[in-house]
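A lone chain, given as C-alpha coordinates: the form predicted on its own.
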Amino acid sequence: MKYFLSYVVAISFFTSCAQQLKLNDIPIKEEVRNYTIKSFVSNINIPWGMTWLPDGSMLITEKSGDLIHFINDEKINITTTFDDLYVRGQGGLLDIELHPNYPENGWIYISYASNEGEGEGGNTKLVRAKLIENNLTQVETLYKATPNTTSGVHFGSRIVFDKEGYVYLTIGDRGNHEENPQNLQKDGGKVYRFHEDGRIPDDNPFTNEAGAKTSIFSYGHRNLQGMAIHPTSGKIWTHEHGPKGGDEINILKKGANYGWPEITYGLNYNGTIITEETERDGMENPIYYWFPSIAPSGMAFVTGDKFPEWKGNLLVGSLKFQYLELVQLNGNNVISRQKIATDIGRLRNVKIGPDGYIYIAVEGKGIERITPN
(Lines give C-alpha, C1' and ligand atoms only; values in the text may rest on other atoms or scores of the structure.)
Protein backbone atom coordinates (compact mmCIF):
# COMPACT_ATOMS: atom_id res chain seq x y z
CA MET A 1 0.00 0.00 0.00
CA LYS A 2 2.76 2.45 0.94
CA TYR A 3 4.47 1.90 -2.44
CA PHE A 4 1.19 2.60 -4.23
CA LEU A 5 0.78 5.84 -2.27
CA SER A 6 4.36 6.87 -3.08
CA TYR A 7 3.63 6.23 -6.75
CA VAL A 8 0.46 8.31 -6.60
CA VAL A 9 2.29 11.14 -4.84
CA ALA A 10 5.08 11.07 -7.44
CA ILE A 11 2.66 11.13 -10.38
CA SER A 12 0.73 14.00 -8.80
CA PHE A 13 3.94 15.91 -8.18
CA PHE A 14 5.24 15.61 -11.74
CA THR A 15 1.81 16.38 -13.21
CA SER A 16 1.92 19.60 -11.23
CA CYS A 17 5.45 20.27 -12.50
CA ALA A 18 4.37 19.83 -16.11
CA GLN A 19 1.47 22.22 -15.64
CA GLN A 20 3.77 24.88 -14.19
CA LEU A 21 6.69 24.66 -16.59
CA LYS A 22 7.02 22.28 -19.53
CA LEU A 23 10.75 21.75 -19.73
CA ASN A 24 11.19 18.03 -20.00
CA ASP A 25 8.56 17.01 -22.52
CA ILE A 26 11.02 16.46 -25.38
CA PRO A 27 11.30 12.77 -26.28
CA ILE A 28 14.74 11.48 -27.13
CA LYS A 29 15.38 10.21 -30.65
CA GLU A 30 16.99 6.84 -31.19
CA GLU A 31 20.54 6.60 -32.44
CA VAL A 32 21.35 6.91 -36.14
CA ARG A 33 24.85 5.45 -36.48
CA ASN A 34 26.41 7.68 -39.16
CA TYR A 35 29.72 7.76 -37.34
CA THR A 36 32.37 5.36 -36.15
CA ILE A 37 33.40 4.70 -32.54
CA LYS A 38 36.84 3.26 -31.89
CA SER A 39 38.99 2.75 -28.82
CA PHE A 40 41.61 5.48 -28.46
CA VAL A 41 43.11 4.70 -25.04
CA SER A 42 42.19 1.33 -23.56
CA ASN A 43 42.23 -0.30 -20.13
CA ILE A 44 41.40 2.62 -17.84
CA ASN A 45 38.95 1.74 -15.09
CA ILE A 46 37.32 5.10 -14.33
CA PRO A 47 38.70 7.83 -16.62
CA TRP A 48 37.43 11.11 -15.14
CA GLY A 49 39.16 14.11 -16.67
CA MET A 50 41.02 14.59 -19.94
CA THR A 51 42.80 17.37 -21.79
CA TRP A 52 45.40 17.82 -24.53
CA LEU A 53 48.91 19.23 -24.45
CA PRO A 54 50.06 21.49 -27.30
CA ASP A 55 51.88 18.57 -28.96
CA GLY A 56 48.56 16.71 -29.31
CA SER A 57 49.25 14.19 -26.55
CA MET A 58 46.59 13.62 -23.90
CA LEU A 59 46.49 13.85 -20.12
CA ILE A 60 43.91 11.61 -18.41
CA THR A 61 42.97 11.33 -14.75
CA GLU A 62 41.90 7.95 -13.37
CA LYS A 63 39.76 8.20 -10.25
CA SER A 64 41.88 5.82 -8.20
CA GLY A 65 44.85 8.19 -8.52
CA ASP A 66 46.74 7.61 -11.77
CA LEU A 67 47.61 10.60 -13.95
CA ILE A 68 48.23 9.21 -17.43
CA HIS A 69 50.14 10.82 -20.28
CA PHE A 70 49.07 9.22 -23.56
CA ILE A 71 51.73 10.00 -26.15
CA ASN A 72 52.83 8.16 -29.28
CA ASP A 73 50.26 5.42 -28.57
CA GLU A 74 51.84 4.75 -25.16
CA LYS A 75 50.40 5.24 -21.67
CA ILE A 76 52.93 6.79 -19.28
CA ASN A 77 52.08 7.18 -15.60
CA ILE A 78 52.99 10.65 -14.37
CA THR A 79 54.70 10.78 -10.98
CA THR A 80 52.53 12.83 -8.61
CA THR A 81 52.81 13.79 -4.95
CA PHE A 82 49.14 13.75 -3.96
CA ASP A 83 49.74 12.08 -0.60
CA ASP A 84 46.44 13.55 0.64
CA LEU A 85 44.35 11.90 -2.10
CA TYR A 86 41.07 10.57 -0.64
CA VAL A 87 39.59 7.75 -2.68
CA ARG A 88 36.10 6.79 -1.59
CA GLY A 89 32.84 6.43 -3.50
CA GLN A 90 32.75 9.25 -6.04
CA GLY A 91 35.91 10.79 -4.62
CA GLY A 92 39.43 10.46 -5.97
CA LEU A 93 41.51 12.08 -8.70
CA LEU A 94 38.98 14.11 -10.68
CA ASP A 95 39.21 16.84 -13.31
CA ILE A 96 42.15 18.31 -15.24
CA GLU A 97 42.44 21.45 -17.37
CA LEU A 98 45.24 23.50 -18.91
CA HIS A 99 45.73 27.21 -18.35
CA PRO A 100 44.62 29.09 -21.49
CA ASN A 101 48.21 30.34 -21.84
CA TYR A 102 49.76 26.95 -21.12
CA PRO A 103 52.47 27.25 -23.81
CA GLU A 104 53.78 30.35 -22.01
CA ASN A 105 53.35 29.40 -18.33
CA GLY A 106 52.99 25.58 -18.21
CA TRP A 107 50.26 25.52 -15.52
CA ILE A 108 47.99 22.49 -15.25
CA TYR A 109 44.90 22.64 -12.98
CA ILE A 110 43.68 19.51 -11.19
CA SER A 111 40.83 18.82 -8.77
CA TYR A 112 40.70 15.87 -6.43
CA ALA A 113 39.21 14.66 -3.17
CA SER A 114 41.71 15.45 -0.40
CA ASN A 115 42.00 14.46 3.27
CA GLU A 116 44.09 17.55 4.03
CA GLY A 117 43.06 19.36 7.21
CA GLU A 118 41.18 18.38 10.33
CA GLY A 119 38.57 15.67 10.58
CA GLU A 120 38.13 12.25 9.04
CA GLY A 121 37.34 11.82 5.38
CA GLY A 122 37.94 14.38 2.67
CA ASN A 123 36.65 17.23 0.55
CA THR A 124 37.35 18.74 -2.86
CA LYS A 125 40.65 20.48 -3.53
CA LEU A 126 41.95 22.53 -6.47
CA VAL A 127 45.67 22.67 -7.25
CA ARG A 128 47.90 23.78 -10.07
CA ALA A 129 51.21 22.25 -11.07
CA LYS A 130 53.73 21.88 -13.89
CA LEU A 131 54.68 18.80 -15.87
CA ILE A 132 58.43 18.30 -16.23
CA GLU A 133 59.81 15.05 -17.64
CA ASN A 134 56.81 12.97 -16.53
CA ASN A 135 56.88 14.45 -13.05
CA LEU A 136 54.21 16.75 -11.66
CA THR A 137 56.12 19.51 -9.90
CA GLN A 138 55.63 22.94 -8.29
CA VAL A 139 52.24 21.86 -6.92
CA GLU A 140 50.32 24.80 -5.43
CA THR A 141 47.06 24.52 -3.49
CA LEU A 142 44.53 27.07 -4.73
CA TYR A 143 41.51 25.98 -2.68
CA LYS A 144 40.52 23.25 -0.25
CA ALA A 145 36.89 22.87 0.80
CA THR A 146 36.00 22.18 4.42
CA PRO A 147 35.04 20.37 6.51
CA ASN A 148 36.32 16.89 5.75
CA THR A 149 33.58 14.29 5.83
CA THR A 150 33.49 10.55 5.29
CA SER A 151 30.62 10.91 2.84
CA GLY A 152 31.56 9.31 -0.47
CA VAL A 153 29.25 11.42 -2.63
CA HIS A 154 28.97 14.77 -4.40
CA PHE A 155 32.52 16.08 -4.71
CA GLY A 156 31.74 17.85 -8.02
CA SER A 157 34.10 18.68 -9.61
CA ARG A 158 34.70 20.33 -12.96
CA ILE A 159 37.19 23.02 -13.92
CA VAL A 160 36.86 25.63 -16.69
CA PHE A 161 38.47 28.93 -17.59
CA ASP A 162 36.25 31.71 -18.91
CA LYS A 163 37.25 34.09 -21.67
CA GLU A 164 38.50 36.62 -19.13
CA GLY A 165 40.97 34.17 -17.61
CA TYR A 166 39.10 33.36 -14.38
CA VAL A 167 39.10 29.73 -13.28
CA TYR A 168 35.88 28.10 -12.04
CA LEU A 169 35.46 25.00 -9.88
CA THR A 170 32.33 23.05 -8.96
CA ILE A 171 31.89 21.33 -5.59
CA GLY A 172 28.81 19.22 -4.85
CA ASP A 173 26.79 19.43 -1.66
CA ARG A 174 28.74 16.45 -0.23
CA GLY A 175 25.45 14.70 0.52
CA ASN A 176 24.44 17.32 3.09
CA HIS A 177 21.66 19.22 1.35
CA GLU A 178 20.13 20.37 4.63
CA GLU A 179 23.11 22.61 5.49
CA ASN A 180 25.45 23.28 2.59
CA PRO A 181 23.88 24.48 -0.67
CA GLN A 182 21.94 27.46 0.73
CA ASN A 183 24.53 28.55 3.29
CA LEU A 184 27.13 31.01 1.98
CA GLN A 185 29.31 30.33 5.01
CA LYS A 186 29.72 26.67 4.12
CA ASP A 187 31.41 24.89 1.25
CA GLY A 188 29.43 22.50 -0.92
CA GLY A 189 26.70 22.94 -3.50
CA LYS A 190 28.53 25.87 -5.07
CA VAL A 191 30.44 27.12 -8.09
CA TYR A 192 33.65 28.97 -7.15
CA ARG A 193 35.61 31.59 -9.09
CA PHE A 194 39.30 32.46 -8.70
CA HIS A 195 42.13 34.31 -10.32
CA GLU A 196 44.58 31.94 -11.99
CA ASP A 197 46.75 31.88 -8.85
CA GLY A 198 43.86 31.21 -6.46
CA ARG A 199 43.29 34.80 -5.32
CA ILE A 200 39.68 35.85 -4.87
CA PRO A 201 38.46 38.39 -7.47
CA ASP A 202 37.38 41.66 -5.90
CA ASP A 203 34.14 41.57 -7.85
CA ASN A 204 33.06 38.12 -6.70
CA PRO A 205 29.42 38.49 -5.61
CA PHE A 206 29.82 37.86 -1.87
CA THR A 207 33.12 39.57 -1.06
CA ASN A 208 31.33 42.13 1.11
CA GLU A 209 28.97 39.73 2.88
CA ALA A 210 30.01 39.00 6.46
CA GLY A 211 31.05 35.40 7.02
CA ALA A 212 30.50 34.34 3.42
CA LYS A 213 33.05 32.27 1.54
CA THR A 214 34.19 34.93 -0.88
CA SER A 215 35.25 32.45 -3.56
CA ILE A 216 31.57 31.56 -4.21
CA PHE A 217 30.21 32.59 -7.61
CA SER A 218 26.81 30.82 -7.45
CA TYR A 219 25.05 28.52 -4.98
CA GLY A 220 22.06 26.27 -4.43
CA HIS A 221 23.51 23.42 -6.49
CA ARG A 222 23.39 19.67 -5.84
CA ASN A 223 26.27 18.00 -7.69
CA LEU A 224 27.67 19.57 -10.83
CA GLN A 225 29.67 17.18 -13.01
CA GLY A 226 29.38 19.10 -16.26
CA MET A 227 30.58 22.62 -17.06
CA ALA A 228 31.43 24.21 -20.42
CA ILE A 229 31.91 27.62 -21.99
CA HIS A 230 29.47 28.51 -24.76
CA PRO A 231 31.64 29.02 -27.85
CA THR A 232 29.96 32.25 -28.97
CA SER A 233 28.36 33.88 -25.93
CA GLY A 234 31.19 32.96 -23.55
CA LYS A 235 28.65 32.14 -20.85
CA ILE A 236 29.20 29.19 -18.55
CA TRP A 237 26.73 26.32 -18.90
CA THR A 238 26.48 23.57 -16.31
CA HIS A 239 24.50 20.47 -15.60
CA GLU A 240 23.96 18.82 -12.26
CA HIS A 241 22.62 15.60 -10.85
CA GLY A 242 19.15 15.77 -9.42
CA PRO A 243 17.96 13.21 -6.89
CA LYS A 244 15.35 10.86 -8.41
CA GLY A 245 14.56 12.96 -11.47
CA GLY A 246 15.38 16.61 -11.82
CA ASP A 247 18.85 16.59 -13.41
CA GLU A 248 19.28 20.16 -14.64
CA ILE A 249 20.95 22.26 -17.33
CA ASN A 250 21.68 25.78 -16.14
CA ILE A 251 23.39 28.93 -17.39
CA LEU A 252 25.46 30.44 -14.60
CA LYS A 253 24.73 33.93 -13.35
CA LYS A 254 26.91 35.80 -10.92
CA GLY A 255 25.57 35.50 -7.36
CA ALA A 256 22.53 33.47 -8.43
CA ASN A 257 20.77 30.87 -6.27
CA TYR A 258 19.82 27.72 -8.20
CA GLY A 259 17.42 26.56 -5.56
CA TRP A 260 18.55 23.18 -4.28
CA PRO A 261 16.92 21.82 -2.16
CA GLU A 262 14.26 24.51 -1.77
CA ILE A 263 13.06 24.02 -5.35
CA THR A 264 13.57 20.93 -7.49
CA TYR A 265 11.91 18.76 -10.11
CA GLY A 266 13.24 15.65 -8.36
CA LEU A 267 12.05 13.34 -5.61
CA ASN A 268 13.80 11.51 -2.81
CA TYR A 269 15.13 8.12 -3.88
CA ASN A 270 12.31 6.42 -1.97
CA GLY A 271 9.76 8.36 -4.03
CA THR A 272 8.76 10.88 -1.34
CA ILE A 273 8.59 14.59 -2.05
CA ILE A 274 11.55 16.80 -1.15
CA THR A 275 9.60 19.99 -1.72
CA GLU A 276 6.40 20.81 -3.57
CA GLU A 277 8.00 23.97 -4.98
CA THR A 278 9.57 23.93 -8.43
CA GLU A 279 10.05 27.69 -8.62
CA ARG A 280 10.41 30.59 -6.23
CA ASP A 281 11.18 34.29 -6.56
CA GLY A 282 14.90 34.90 -6.28
CA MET A 283 15.85 31.40 -7.44
CA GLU A 284 16.85 30.32 -10.93
CA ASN A 285 14.89 27.77 -12.93
CA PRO A 286 16.83 25.40 -15.18
CA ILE A 287 16.62 25.82 -18.93
CA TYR A 288 15.98 22.08 -19.08
CA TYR A 289 15.54 19.17 -16.67
CA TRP A 290 15.54 15.42 -17.21
CA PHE A 291 12.92 13.02 -15.86
CA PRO A 292 13.80 10.30 -15.36
CA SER A 293 17.35 11.18 -14.40
CA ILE A 294 20.05 10.29 -16.90
CA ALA A 295 22.83 10.85 -14.30
CA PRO A 296 24.72 13.39 -16.43
CA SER A 297 28.52 13.54 -16.39
CA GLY A 298 30.71 15.47 -18.77
CA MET A 299 29.58 18.28 -21.03
CA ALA A 300 30.89 19.88 -24.22
CA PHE A 301 29.69 22.14 -27.00
CA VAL A 302 30.30 20.81 -30.50
CA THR A 303 32.78 23.08 -32.27
CA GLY A 304 34.78 22.83 -35.48
CA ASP A 305 33.65 21.41 -38.81
CA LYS A 306 33.90 17.64 -38.33
CA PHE A 307 30.22 17.38 -37.30
CA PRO A 308 28.56 20.33 -39.07
CA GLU A 309 25.00 19.17 -38.37
CA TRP A 310 25.76 19.09 -34.63
CA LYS A 311 27.79 22.28 -34.41
CA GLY A 312 26.81 24.62 -31.58
CA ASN A 313 24.84 21.96 -29.72
CA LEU A 314 25.57 20.26 -26.42
CA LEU A 315 26.95 16.80 -25.74
CA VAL A 316 26.14 15.27 -22.34
CA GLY A 317 27.22 11.86 -21.07
CA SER A 318 24.77 9.57 -19.28
CA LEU A 319 26.07 7.33 -16.53
CA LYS A 320 22.69 5.71 -15.94
CA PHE A 321 21.58 4.94 -19.49
CA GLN A 322 25.09 4.50 -20.90
CA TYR A 323 24.90 6.71 -23.96
CA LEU A 324 26.02 10.13 -25.15
CA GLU A 325 23.19 12.61 -25.56
CA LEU A 326 23.12 15.33 -28.21
CA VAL A 327 21.07 18.23 -26.81
CA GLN A 328 20.07 20.40 -29.74
CA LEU A 329 19.56 24.10 -29.05
CA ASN A 330 17.82 27.11 -30.49
CA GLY A 331 19.49 29.93 -28.60
CA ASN A 332 19.13 28.93 -24.96
CA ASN A 333 16.18 26.61 -25.58
CA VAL A 334 16.40 22.83 -25.87
CA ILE A 335 14.48 21.80 -28.99
CA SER A 336 15.57 18.22 -29.62
CA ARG A 337 17.45 15.27 -28.08
CA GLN A 338 19.31 12.48 -29.84
CA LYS A 339 21.04 9.34 -28.57
CA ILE A 340 24.63 8.79 -29.64
CA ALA A 341 26.89 5.83 -28.82
CA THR A 342 24.13 3.78 -27.22
CA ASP A 343 25.13 0.99 -24.83
CA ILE A 344 28.71 2.26 -24.81
CA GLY A 345 28.98 1.99 -21.01
CA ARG A 346 28.88 4.43 -18.11
CA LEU A 347 29.94 7.63 -19.81
CA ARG A 348 31.99 9.81 -17.47
CA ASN A 349 33.21 12.65 -19.69
CA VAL A 350 33.09 14.11 -23.20
CA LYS A 351 35.42 16.56 -24.92
CA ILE A 352 36.03 17.91 -28.41
CA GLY A 353 39.64 17.19 -29.26
CA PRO A 354 42.02 19.58 -31.04
CA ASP A 355 41.40 17.51 -34.17
CA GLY A 356 37.66 18.27 -33.98
CA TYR A 357 36.64 14.70 -33.17
CA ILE A 358 34.56 13.70 -30.14
CA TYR A 359 36.31 11.91 -27.29
CA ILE A 360 34.34 10.11 -24.59
CA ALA A 361 35.60 8.66 -21.31
CA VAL A 362 33.87 5.35 -20.57
CA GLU A 363 34.14 3.49 -17.29
CA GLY A 364 35.73 0.05 -17.61
CA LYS A 365 37.10 0.89 -21.04
CA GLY A 366 39.04 4.13 -21.35
CA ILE A 367 38.84 6.83 -24.00
CA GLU A 368 36.81 6.22 -27.16
CA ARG A 369 36.90 8.45 -30.25
CA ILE A 370 33.90 9.28 -32.46
CA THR A 371 34.59 10.19 -36.09
CA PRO A 372 32.09 10.89 -38.90
CA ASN A 373 31.73 8.23 -41.58
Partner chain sequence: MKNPIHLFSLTFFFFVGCITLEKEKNIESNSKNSILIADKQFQEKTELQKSMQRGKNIYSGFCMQCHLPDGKGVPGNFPPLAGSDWLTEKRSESIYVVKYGQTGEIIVNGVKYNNVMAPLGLSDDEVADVMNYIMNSWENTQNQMVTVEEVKAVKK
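Since the structure is predicted, the reported quantities are computational estimates derived from the model, not experimental observations. Positions refer to the first chain, counted from 1.
The same protein also has a form predicted in complex with its partner chain, omitted here; what follows describes it.
Within 4.5 Å of its partner chain in the predicted complex, a heavy atom is found for every one of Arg88, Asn270 and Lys320. In the predicted complex, its partner chain sits beyond 4.5 Å of every heavy atom of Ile229. The closest non-hydrogen atom of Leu329 lies beyond 4.5 Å of its partner chain in the predicted complex. For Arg346, a non-hydrogen atom is located within 4.5 Å of its partner chain in the predicted complex, even though that partner is not displayed.
Of the heavy atoms in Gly152, some are within 4.5 Å of its partner chain in the predicted complex. Checking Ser57, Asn333, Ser64, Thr36 for any heavy atom within 4.5 Å of its partner chain in the predicted complex turns up a single hit: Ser64.
The stretch that touches its partner chain in the predicted complex, counting heavy atoms within 4.5 Å, is 144-152, out of 144-152, 185-193, 107-115, 205-213.
Although its partner chain is not shown here, in the predicted complex the stretch 26-51 places heavy atoms of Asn45, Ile46 within 4.5 Å of it, in sequence order.
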